[in-house]
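Read the single chain below, which is given as structure tokens and is the form predicted on its own.
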């Protein structure tokens, strides 16, 4: 009698993985964000967990992990308005998750590069108006704030400066997140690579 392999993308086992992966993604985001802040790095490092969870578990699980991190982080920081940055993390989860589900997250080039660019543009486009509403255009990232100030000195208005300054920062930051997610996904056994809903 031959044993059938377990399809871990269905049923109770998938629910168990979701219950584990969502808080794990939140924890990775929180640790990354605190590390970047304490070391005054010019990147955020608070979406690595979102990208990992999205690549492994699919877009909506990744998005849920990302937005939950932003809510918890905002509550801990005492500024509930900062939870609006969850919109950025939702986009990260959906982009990475759907690309992984469609089998477009297999190669560093062009898959991961395209994902990084899409995620970076989304985060810059949504992060700029949120930063305007929550922090008056700036945020806790020293590198971004320096570029915003430099662009304003060149005559640009605050909103366009806030948007343009976030593009290089997010390209680096989200590029790191996507590469880490891709590396982890590529090392998983085949049954776990199908947890995101991709057809085996």
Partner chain sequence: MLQTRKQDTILQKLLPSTKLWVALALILAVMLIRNYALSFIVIGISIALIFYEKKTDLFKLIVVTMVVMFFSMYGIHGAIAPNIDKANDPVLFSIFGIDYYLNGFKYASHYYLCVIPLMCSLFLLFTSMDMADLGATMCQMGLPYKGVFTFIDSFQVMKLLGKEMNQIRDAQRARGLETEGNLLARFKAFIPIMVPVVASSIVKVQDQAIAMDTKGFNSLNKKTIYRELIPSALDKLIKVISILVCVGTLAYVILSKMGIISPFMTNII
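Values in this document were obtained by computation on a predicted structure and should not be read as measured data. So that the term is clear: the rigid core is the largest set of C-alpha atoms that superpose within 1.5 Å between two forms. Numbering follows the first chain given and starts at 1.
Note that the form predicted in complex with its partner chain isn't included here; everything after this is about it.
Taking the partner from elsewhere, residue 168 is found to have every heavy atom lying beyond 4.5 Å of its partner chain in the model of the complex. Shown alone here, residue 121 lies farther than 4.5 Å from its partner chain in the model of the complex, counting heavy atoms only. Of the heavy atoms in residue 108, none are within 4.5 Å of its partner chain in the model of the complex. Put simply, residue 32 is close to its partner chain in the model of the complex: some heavy atom of it is within 4.5 Å. If you take 71-96 and check each residue for a heavy atom within 4.5 Å of its partner chain in the model of the complex, you get 72, 75, 76, 77, 78, 79, 80, 81, in sequence order. After superposition on the rigid core, displacement of the C-alpha of residue 152 between this form and the one not shown stays below 2 Å. Once you line up the core between this form and the one not shown, the Cα of residue 39 ends up 2 Å or more from where it was.
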